[in-house]
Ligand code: 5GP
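Before any questions on binding or motion, here is one chain by itself as structure tokens, the form predicted on its own.
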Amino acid sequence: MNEDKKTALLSSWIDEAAIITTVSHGRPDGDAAGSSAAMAGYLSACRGKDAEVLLPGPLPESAAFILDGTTNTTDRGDAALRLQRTDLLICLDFNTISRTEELEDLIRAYPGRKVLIDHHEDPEPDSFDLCFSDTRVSSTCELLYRILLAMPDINGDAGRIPAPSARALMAGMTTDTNNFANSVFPGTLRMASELLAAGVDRDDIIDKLYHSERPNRLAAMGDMLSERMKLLPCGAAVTVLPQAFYDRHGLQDGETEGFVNMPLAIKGIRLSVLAREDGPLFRVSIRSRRGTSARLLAKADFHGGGHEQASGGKILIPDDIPSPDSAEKYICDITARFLQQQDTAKN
């Protein structure tokens, strides 16, 4: 089924539903919040629906404004009650239901229609009744923007998208491209231009996203770059952040967002791996320059996946490493071997 027919089917399902709920992935980011808020805002303002956002966890403080004006919850009990009343469930910014983490069992058990809108590799289409999946976009916000433009009441005019939804779309796309530093396609710039013309205040979005830092984050950034980052001769940067690092700097959830991108500013660094201790595992973020696959490394060695230049995964304790102290050597060895294999394959 082509996208036009899918969009028409989604529109008919929206017409048939009174209560619609969106859900996104655990540890939600700007794209998760932006696509969720944009969809809920559109459903409420343009289609007259009872729309609510479910997020399996809080947003970073700098991105919390994206949900302003949106009815949302991160509470599992409230989510369970909401799903019992929901006529249509729209899943945003994740490729498999397992990424909804503590809500996974509730989402899998939901008996009604489930729609997926996502831009990640390897979606799980059999878990959904309708699937919009495209990796050739910057973000789920960009894909959703395209879908909303095709809705009959929007009819290709970005100016008809409700202002809060338009702002959420711009904010989510901005965060997922690292402010247009990666994963930018012709449609990404077209979307930005059209939303600007429709009245979105991008300066205000940038101010809220990037100019509202606590001193703690800047101190942690300096500590990371001077003490925690390790540069390897193979062209990789490895950064391991133990729990003590977060405790020492009094960091809040999400305040190390973007740290993994910083080593790529160093000449000769083509791959950056950052691992954060989180209870019985390390959560791994990987970024790379064009020509080096972050996705292959995440998939092969870190139980993960994602995009070609931006991926993630995890290191399990004790399955992968015996203790947190082993994490840095483990990552350095894996990363050096991976880049050597990549170079050999190219030659």
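What you see is a predicted model, and the numbers here were worked out from it, not measured in a lab. For every residue, the number given is its place in the sequence shown, counted from 1.
Keep in mind that the form predicted in complex with the ligand is not shown, yet the notes after this line are about it.
- The ligand in the predicted complex is not approached by K49, whose heavy atoms all lie more than 4.5 angstroms from it.
- When contacts are judged by a 4.5 Å heavy atom cut-off, A310 counts as touching the ligand in the predicted complex.
- When contacts are judged by a 4.5 Å heavy atom cut-off, H120 counts as touching the ligand in the predicted complex.
- In the predicted complex, no heavy atom of R289 sits within 4.5 Å of the ligand.
- Stretch-level contact analysis of 33-41, 280-288, 315-323, 60-68 against the ligand in the predicted complex, using heavy atoms and a 4.5 Å limit, identifies 280-288.
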